[in-house]
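Encoded as structure tokens, the following chain is the form predicted on its own, with no partner shown.
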């Protein structure tokens, strides 16, 4: 398990290194002290796990994650328990309160292993061009990782994109065109300038005005394809 420590306090980083030295399967590949450095280190070192402080110069740990195309697993390290509890109302990540206890760290590392990422440490890096599989999103006080295969619909909002999930519609700081380039083209189809649809969620197709197609997605939403994209869709599906 390749770990990157992100914390602006030298003593905190040193303490984490000391605690992690007890685990033969853990390698500390680097350290960062602020948001921009953390982003650069993640892109350069591709760690499996971030031990990420929340309060840092130049922004927060959440800002780091929002700038990453595909963040690794994250264990937040923070001195503010109330802030952490709010942040993880959706329990997709983990957090440790400072001063970090060895037993609590062991539990968190085991949680990461159980999710299968320890095996990833011994595998080759993912090839360039691999489709984007998940993104980190923040919706008010809630933060979580979204598996993009579970997103039925993505809509454009200027330079940003809205993920349409059951009960949640978080805004992602990426344009729809950017996502179109990064997503798996076998799964996502550009229905119009405003919409990307997940083909796995298409239940029915109906004729629309002017030769267009209207896709009804599982869960209810309907999306009208543009005339040009309707033609492409027909050609692709041999309709």
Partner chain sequence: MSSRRTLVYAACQLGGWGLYGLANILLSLLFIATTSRGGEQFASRTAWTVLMCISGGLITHLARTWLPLREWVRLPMRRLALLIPFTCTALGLVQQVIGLVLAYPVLHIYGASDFSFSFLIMGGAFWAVVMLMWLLTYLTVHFVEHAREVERERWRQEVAAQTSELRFLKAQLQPHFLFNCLNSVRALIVEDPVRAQQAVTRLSTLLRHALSSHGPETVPLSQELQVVRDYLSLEGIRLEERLRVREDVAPETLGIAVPAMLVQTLVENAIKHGIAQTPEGGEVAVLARVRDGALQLEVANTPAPAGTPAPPHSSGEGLHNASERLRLLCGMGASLQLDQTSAALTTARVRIPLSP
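Residue numbers count along the first chain shown, from 1. Keep in mind that what you see is a predicted model, and the values were worked out from it rather than measured.
Just so it is clear, the following notes concern the form predicted together with its partner chain, a form of the same protein that is not shown.
Among heavy atoms of residue 100, some come within 4.5 Å of its partner chain in the model of the complex. Although the partner is absent here, residue 21 is not a contact residue: none of its heavy atoms lies within 4.5 angstroms of its partner chain in the model of the complex.
In the model of the complex, at least one heavy atom of residue 58 sits within 4.5 Å of a heavy atom of its partner chain. In the model of the complex, its partner chain sits within 4.5 Å of a heavy atom belonging to residue 34.
Figure note: of the listed segments 157-165, 72-80, 130-138, 106-114, the one touching its partner chain in the model of the complex, with heavy atoms no more than 4.5 Å away, is 72-80. Along 10-31, these residues reach a heavy atom to within 4.5 Å of its partner chain in the model of the complex: 10, 11, 12, 14, 15, 18, 19.
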